[in-house]
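One chain follows as structure tokens, the form predicted alone.
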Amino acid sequence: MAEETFLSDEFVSQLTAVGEVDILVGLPTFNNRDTVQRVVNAILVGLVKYYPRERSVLINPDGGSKDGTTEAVQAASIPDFRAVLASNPLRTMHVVSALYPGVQGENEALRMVFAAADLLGAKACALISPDLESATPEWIDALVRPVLKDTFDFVAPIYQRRRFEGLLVKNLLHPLIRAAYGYQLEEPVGREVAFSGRLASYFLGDESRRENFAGLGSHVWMTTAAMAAGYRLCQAFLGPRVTSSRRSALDLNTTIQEIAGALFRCMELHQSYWTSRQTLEEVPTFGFQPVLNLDPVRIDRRRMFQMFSSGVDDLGSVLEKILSAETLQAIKDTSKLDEKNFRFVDELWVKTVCEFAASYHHSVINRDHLLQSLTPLYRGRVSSFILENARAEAEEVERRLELLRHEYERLKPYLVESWNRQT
């Protein structure tokens, strides 16, 4: 494709030497030397163990690492157990590293992966994070097999979550995407995903890819674009997701701007699809979920509550431009409750999210400022969720989350009406 002319001559030369492949694994990196060799070994062992006859390549777009990351990728080796797997000679596996151009980070790295998949005619592609401590060879098979053997186009992960982990996904992203786009997908922003070669070509040619999605926003775009374009989706159990890096709670503003902002923008890009979508489609699930006792995530609920209450007071004039008078008054009333009786109920939370999405669409204020104003309200929701589920068993927590998802579905007409309202 003409679009592929952005690739460096050196990268194209390396791809030409590889030739056509069956499986492509993308590993975007930036200063990940401490963990990347373990991850590369898991990838290569997975390819050897489960796909010894397929032609495969590991593509490593690097953002200019200064710590020897690319050297560690090239130096990673496979334990010498090939002889026990099969008597026939194995296919050659290639490892290709190259700097990605531009300054848009993961956007450019993904662009290189899509272009490489297109040029090499890959049948199945996977993306793996370089900072994983929990990646195993089985992750490669879990992601690749549904594409290679069952002709699915997009495979989302299901992670074994610790208690109170992923609350932004559970309270906003998952239920909003499910209600709007009509797919029952557990992890709509998983970093470990797989996709078909034809979907990679679609991603490469989709004009909306030019949007400057930051960080996890790129994964929101991939998932929703696959849904809106009608590709076949499924999901696969991977297990616990443990990384070497932890985002500070102080970075919540950035996280919400990246993820919620990307979702609201994708809803604009796909509005003709989701505003008319009436059905809810089950997504096939592969594998089984292991039963593990994981330590809960510790969250300072009291501090969350205090930041919610002060945030509502401080942002009153801003929230007046974003929320309806009825919703804002209900939030103000909620913020005045004493801590023990505090509840940010499902209906109020869902209406809040719907009105923020619609106000983002209508650009009622600067979009960055709008997303920042969502942060204290999300803190209130988190504080309420933890208080409500402090002593609940896992099954009870899941039942309550399912009720929340149904509330998003019930209020989809409210979302569409707010979205389409003339301002």
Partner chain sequence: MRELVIRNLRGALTAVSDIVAEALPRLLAMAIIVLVGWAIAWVIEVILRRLLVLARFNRLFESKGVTRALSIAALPSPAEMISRIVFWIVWVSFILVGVNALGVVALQREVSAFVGLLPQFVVALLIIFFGFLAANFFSRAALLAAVNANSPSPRIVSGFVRFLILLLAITMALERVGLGRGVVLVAFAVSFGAIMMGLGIAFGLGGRHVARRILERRFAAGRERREEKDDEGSHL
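Not measured: the values here are computed from a predicted model. Numbering follows the first chain given and starts at 1.
Absent from the display: the form predicted in complex with the partner chain. The rest refers to it.
Within 4.5 Å of the partner chain in the predicted bound form, do we find a heavy atom from each of F164, L252 and K321? The answer is yes; F164, L252 and K321 each reach the partner chain.
So in the predicted bound form, is the partner chain close enough to A179 to count as touching (4.5 Å, heavy atoms)? A179 lies outside the contact set for the partner chain.
Hey, in the predicted bound form, is Q372 touching the partner chain, heavy atoms inside 4.5 Å? Within the cut-off, so yes.
Mark V382 yes when one of its heavy atoms lies within 4.5 Å of a heavy atom of the partner chain in the predicted bound form, and no otherwise. V382: contacts the partner chain in the predicted bound form.
V364: heavy atom within 4.5 Å of the partner chain in the predicted bound form? Judged by the heavy-atom cut-off of 4.5 Å, V364 is in contact with the partner chain in the predicted bound form.
Considering L168, A225, L204, I158, which brings a non-hydrogen atom within 4.5 Å of the partner chain in the predicted bound form? Selected residue: L168.
With the partner chain left out of view, choose which of P175, G311, G197, P146 has a non-hydrogen atom within 4.5 angstroms of it in the predicted bound form. By the 4.5 Å criterion, the partner-contacting residue is G311.
Counting only non-hydrogen atoms, choose the one of 65-73, 33-41, 356-364, 393-401 that falls within 4.5 Å of the partner chain in the predicted bound form. Contact-bearing stretch, as computed: 356-364.
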